[in-house]
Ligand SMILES: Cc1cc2nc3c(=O)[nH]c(=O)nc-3n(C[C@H](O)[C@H](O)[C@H](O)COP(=O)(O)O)c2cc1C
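Listed next as structure tokens is one chain, alone, in the form predicted alone.
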């Protein structure tokens, strides 16, 4: 199957099937954020109308620390989805990433499905996206082509080897990945973000990325969309029993988002993705070390309906976020990053086993 056809297939599966990382217990969120409790401030001492939710990322001002995560593009039918997302990003003053631009490098006729984002959001912070596997094929010049395609403010290199290991057409040659990322960081003039796509980033990998010159880490933790799960549905349609079995076995594979946020704090901005479903999730993520968050799946269906539905969903995120800031006495993002929290449950146990002191979050 061509890259372009996979893009529309993936989008439709995300919109119409249960692809989240709670395959075996729909009452259990797997991203670990439910184990983060914000300590309530009964005397917040601030006016909710005066709370400042704005922040900066790479020098670009965001009215709210939430990005529209890399989602789609690369097929003619995805153009209107990207346009709807971009219009909302422009009007709300937030940032946005595009889906993998590989298809447009393979077929220039598909560039418009990505370029529409910059056309619809001329002032927004926009980041491009290519897989680390494509760096071998297209090199730095291919990355520059992807940047120019959308006049990108930053470039994301995504790591999706879990999905590649399950896809029958997957690229499972992971050699030289770090060296290729380092070359892009050295030669590209804009920030480089390395992002996982649902399996998280460990402290050890984060340290390597930092040393390679990466500007930010998007943790892409386990607990949101399971791309192993997406491949289960594709395998079912194709009668691929091995792919189906692999996808089911590895449906919930990875490092939970909450854990990965803390593990990835290595002196660079951390973007939290992986099951960010409410403004409260955004609040918790920033309180444990994220600089911003990003969300994708909750916006897929609204984006298919149009920019008004996307804006409505994002405005709900913003209202939830501001309410949580108020209830923790946080007048600014800086205040929120120093709010008191408690970490319990599996997340606390996981972090303690990994050698992280979770007690440091309780009183500051």
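Positions refer to the first chain, counted from 1. Because the structure is predicted, anything quoted here is derived from the model rather than measured.
Form predicted together with the ligand: not shown, discussed below.
Taking the partner from elsewhere, residue 330 is found to have every heavy atom lying beyond 4.5 Å of the ligand in the predicted bound form. In the predicted bound form, the ligand stays beyond 4.5 Å of every heavy atom belonging to residue 325. Contact check for residue 351: no non-hydrogen atom falls within 4.5 Å of the ligand in the predicted bound form. The ligand in the predicted bound form is not approached by residue 82, whose heavy atoms all lie more than 4.5 angstroms from it. Heavy atoms within 4.5 Å of the ligand in the predicted bound form belong, among the stretches 38 to 46, 65 to 73, 332 to 340, 306 to 314, to residues of 65 to 73. Proximity to the ligand in the predicted bound form, defined as a heavy atom within 4.5 Å, holds among 281, 231, 263, 196 only for 196. Among 99, 247, 95, 254, the residue placing a heavy atom within 4.5 Å of the ligand in the predicted bound form is 99. In this stretch, 143 to 159, the one residue having a heavy atom within 4.5 Å of the ligand in the predicted bound form is 158; the partner itself is omitted from this view.
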